Each structure stands twice: as C-alpha cells, then as structure tokens.
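In the structure tokens that follow, the same protein chain appears in two forms, which are kept apart as structure 1 and structure 2.
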Structure 1
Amino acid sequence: MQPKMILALGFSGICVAGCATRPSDSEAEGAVAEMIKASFKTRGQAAIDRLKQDDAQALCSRHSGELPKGASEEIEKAQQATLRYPSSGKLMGDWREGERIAQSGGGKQFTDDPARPAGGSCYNCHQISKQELSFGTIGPSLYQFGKLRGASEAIQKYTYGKIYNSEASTACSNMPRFGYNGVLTEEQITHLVALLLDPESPVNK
C-alpha cells in the first residue's frame, strides 16, 4: 500500500509541474477548432470549407510527419484506391505543354481567376530541366527522370499516379495530390508525364 501511495504522489508531483506549463491537449484542440471557424473567411474561390480536413490531412497534421506504426500503409492503401487513369489509356501527352504547366505557379488562390487552369508549380520545388536554373529544393531533382527509368507503360503509370495522388505511394508527402484534389486535369497530367518521360524532353537530354 505504502509504495503505491508514494508512486501516486510522485506522479501528481510531475503533473503539477507539467500541467502548469502546458494547456491540455483538448483545450488546445478546442482553441484551434474555434480559430478555424472564426479567423478565416471565404474569399473568391477559396471557400471556408477548404479548411475541413480529409482523413489523410488530419492524420498527417496530427503526427506532423512521424506517423504511428502502420498508419503510413493505411493512408497509402486508402489513397491508392483513389487512383484514376485516363479512359483513353493515353498517359503521355506533349512535353512542351508539360514544361509550361511545370513553370506556372498559379491556381486555386483567392486572387486567381478560377476560369483559368491551374499550373503545376513544379519548379517551385523540383529541379526539372537543366535549362531552368530557378528551381526549388523541397522535392527531389527530377532531371533525367525518364533517362534513368525509361518510358515503359509501367513507368508511365507510376509517374501519372505519382502526380495524380502522391500519397498513394508516400503518405503525408509534401506534394499536393494534383489529380485527386482536382487541381490539374487528366490532360494536364499527361503533359507532365511527357515532360518527365519523353526521350525528346529537355529533362532527358
């Protein structure tokens, strides 16, 4: 009996120190939920419901990159089920169009014209062709992407799927799920596939 009491006291002692410096999780979560409701407003195409998270967004936010065991696989499995390929079966478009889409960083902001197609913002985060020197580094370099992998149907499918829904292969990827989220059209994605895989594309020169 006595050792247990000492243990209990020990724990409550820890709690006094710990609880005094940190609000409870539920308190902080409640505050965030209130802020999400009250601190943002719909503007242009960016409606307030954009702040509602789907399962993947909620899981990735809660664990900030370090997912509990098994969660990555769970997210990836669920995201794989969302993959849709063009009904035409054609996965490779025009790499020149792809380059234009990769350069364009606009789309979906409340200051963007919703009638205009969104860009892919690809160079914001990736090195792609050797000619473009102003590229970001959040994502890996894609220079010579096709040269290293070829352009087989399996690789085309992989590449299309990666752009359509990056989380089908990498849970909580930093890359937007461009197809699944309706940012890029099927056709736009095929142009990006061509930019990465077409042997004539500057990416593979």
Structure 2
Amino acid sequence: MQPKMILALGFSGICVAGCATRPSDSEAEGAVAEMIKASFKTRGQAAIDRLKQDDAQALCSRHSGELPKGASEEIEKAQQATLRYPSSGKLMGDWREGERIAQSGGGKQFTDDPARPAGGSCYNCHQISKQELSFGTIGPSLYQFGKLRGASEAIQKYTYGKIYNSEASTACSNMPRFGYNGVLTEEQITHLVALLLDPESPVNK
C-alpha cells in the first residue's frame, strides 16, 4: 500500500472517530505514525529505522514554514558536532569515481542488494555538467562549482561537510545527509568532493 493512501486512510479513520470525541493533535499524529510504521518492513537496503526522526528533523517538521528565532543556529551547531572527516586527512579522491557515484541512482531502496554500495543520485536534484540534457532543479546547479570557488583546504572541508551532513550548514535542508545517515562512505564522499573541485572534472569544464 502506498504511503499517501495509508495517510489518507489514517486521517479518515481519525475523522470518523472524531465525530464522537475529537483526538488531540498529538494523539492524531501518533495514530497516523503507528499506521505508517506498521505498513513498512525492512527489505533490501530500505530499513525501518528511516521512519524515526532525530531532533533536527522533528523540529523542522513541526515548523514547516519559518523556524522559531534561534532555531536555525541551534540545529546547525548540533549538526556540526556530527561531522566526521576522513582519518587520513585526505578530502579529495578521484573525480571519475565521483562521477559514477553522482550518476548512480542505486541505494536505500527495497529492491537494492544490501551488499552493493549506494549511489548519490546527485542528478535528481542538481545539474552536474554542461553535457547533461536532463537534470533536477530542486537543488542549485553544480556546474563550475570548483571553478568559481577554487579548491583550497577550506573549500574542500566545506564541500565534504555539506555532503556528509547538509544541515550542519543549512538548517532544514532538503539535501540528504549522506554521511551522517550512512548512505555513502567517507571514501565515496571524497570522490564526490573531487568531482566538484578537481579542475579536470567535467563539472569545471
């Protein structure tokens, strides 16, 4: 059953029950959450734990419009503490590997083999190179990312951190937290950093 259908059924059930006694907002949210949870099972790379929100996600969900004063800074500070950089100190890998990861849509779906690495699906939200004919526009274009910013150590660190946990720099970002949630490995992220910053990458041509 599709999640939207589950939500619709959940809300309709709550409304019918509400004719007699109206549940509180928290009770209604709890009932719907339990219905959704009951309909999901761990399968392939899709695990049930993705339904559990951490504090940052819960706060962003409660305030889908404008966050309370100071909340953005609070979220970003807390998420910055989660950043984990490679122990090797090397932040840039091979841009060719990065391009493969960026163009791979595999990972974290119930049809994906748990033994296979996940991809970044970057093309779903961003333009990556000039040659692309089709790309997503949810996120900004990444074309000439490194050409405009350079590849200093500070930029490498920022880029790695943005991919690892986007909410460390932008509270309530729509970008997946690839490293924080274990979608991509540290090595995979370094390859994506290279894709964005290496002068030889198609991103910067």
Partner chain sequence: MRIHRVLAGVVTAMLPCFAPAQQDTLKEIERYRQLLQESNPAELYEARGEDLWKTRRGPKNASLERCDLGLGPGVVKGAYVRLPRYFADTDRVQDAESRLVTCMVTLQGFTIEEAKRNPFSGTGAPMITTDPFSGVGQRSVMTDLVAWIASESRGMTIAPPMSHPKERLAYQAGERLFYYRAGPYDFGCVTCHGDEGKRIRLQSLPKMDNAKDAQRAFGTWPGYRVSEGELRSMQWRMWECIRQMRFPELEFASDASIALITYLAKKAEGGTFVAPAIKR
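In this text, rigid core is short for the largest set of C-alphas that superpose within 1.5 Å between two forms. Keep in mind the model is a prediction, meaning the values are calculated, not measured. For numbering, take structure 1's sequence and count from 1.
Source of structure 1: the form predicted together with the partner chain.
The shift recorded for the CA atom of A38 between the two structures is 3.5 Å, with superposition on the rigid core.
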